[in-house]
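The chain below stands alone, shown as structure tokens; this is the form predicted alone.
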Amino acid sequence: MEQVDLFTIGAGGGAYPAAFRLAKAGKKVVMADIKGVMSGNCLEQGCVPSKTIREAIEVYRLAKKREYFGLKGENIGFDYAKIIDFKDNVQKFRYAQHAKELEEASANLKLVKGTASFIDEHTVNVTGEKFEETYKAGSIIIASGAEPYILPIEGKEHCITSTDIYILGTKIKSLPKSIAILGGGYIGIETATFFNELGVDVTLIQRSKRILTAMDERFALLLQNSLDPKIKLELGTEIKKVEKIQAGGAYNYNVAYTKDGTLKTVNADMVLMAYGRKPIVPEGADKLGVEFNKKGVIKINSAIQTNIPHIYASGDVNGLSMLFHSAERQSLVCGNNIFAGNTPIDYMDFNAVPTTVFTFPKAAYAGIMPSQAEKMGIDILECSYDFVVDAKAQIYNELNGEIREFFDAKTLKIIGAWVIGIDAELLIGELVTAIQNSLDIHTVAGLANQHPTSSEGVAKAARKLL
């Protein structure tokens, strides 16, 4: 049995920032990950590969607008297999980068390839391909991530998941003529817009009456109404089954569902199961006395601690903010509190985490949204800036969308914001900094953002309230 100061179950964003920090300070740290590499699901099958594909499609979209820019060209097209090769190369490059970071890290840090399970609240067993090891740790971070949720319907085995599309070395290197996407969360919506831009016939089938049900309704409906109308949205449904159909020498699929009491069917060459992701809980965690919520997810406090102070649950595994950058910040909170002897001195502000839906168009938000403010009894002042009057949006002919900001009516401090349209993923970074630092209307309105950039709208929106 090896004694360590910190043991992490997983080596992704919820684990390695804390691991590196403690190892640098002289603490003995071991990370165990079933993949045997750093970076977690984000690089293997999530944000990096999906956004690499998106940016390739963005270049294609701009190329199709060549006449708008006064450019000439013939036969503007794409090769999806080469887009996948591009995606794979980015993943390989980043894996090599992380391997070098690990190689150059403190000698106090070790990464073990294997599956970790709890023996007791201080002891973890790791089983690898040809070994089994036991570690006793002063502190433990559970950062085991999440996996696609599979809806328990007949024919579920005929569906692919986002992992199949985005994983390194995917076998899907050609586009289907049509796809049925089950679920209207961010993964489903993003993939729907990607495939639609490449000419695939897309039908998205969603259980509720709108997309993105975990997000503010006004925000979600604004994005929903901004989507290309060629994407067929079937909302308010109940999916019954997926059936594999032989058509000549090939196969396609029928998706049966009910809507308004009527049984309907969509036929597609591919079916994507996109009902979100569920946390992966290490074996034995439930026997330690770690508390779970009603959904079976590990409960934590704002210090990222479970009810057992030296055991933390960081990143996707706690289900609160399933984003890589959020996991990194949570991991640092863990590290700081471990330094303090598992006494909380640092806390996670989940309101100060930006979320971006990388659709066409993009949409991002941060902080307290109007629906939340109403439930919390917070009166808000809101202001907006429409991209139709923005210089950069005009330059790129991307006129749809807005920046919208929400201020506490009593304190006049910004508490939330969203951006739909051009540069949304960048603009939300400035806005979340304003939220995190509780800037007031006068400060936001006084920002001198550069012209001609879309960030001018951050201040111009706030000036409408003065």
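The first residue of the sequence shown is number 1, and the count goes up from there. Predicted model only: the values in this text are computed from it and were never measured.
Omitted here: the form predicted together with a small molecule. The next part is about that form.
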Does any part of Ala116 reach within 4.5 Å of the small molecule in the predicted complex? Heavy atoms only, please. yes
Could you confirm whether Ile9 comes within 4.5 Å of the small molecule in the predicted complex, counting heavy atoms only? yes
Is Ala424 near the small molecule? Define near as a heavy atom within 4.5 Å, in the predicted complex. no
Proximity of Arg66 to the small molecule in the predicted complex, heavy atoms at 4.5 Å: no
Within 4.5 Å, heavy atoms only, which of Pro49, Gly40, Gly416, Gly401 is in contact with the small molecule in the predicted complex? Gly40
Listed residue that, although the small molecule is not shown, lies within 4.5 Å of it in the predicted complex (heavy atoms), from Ile304, Ile140, Ala274, Ala327: Ala327
Heavy atoms within 4.5 Å of the small molecule in the predicted complex: which stretch among 97-105, 276-284, 296-304, 351-359? 276-284
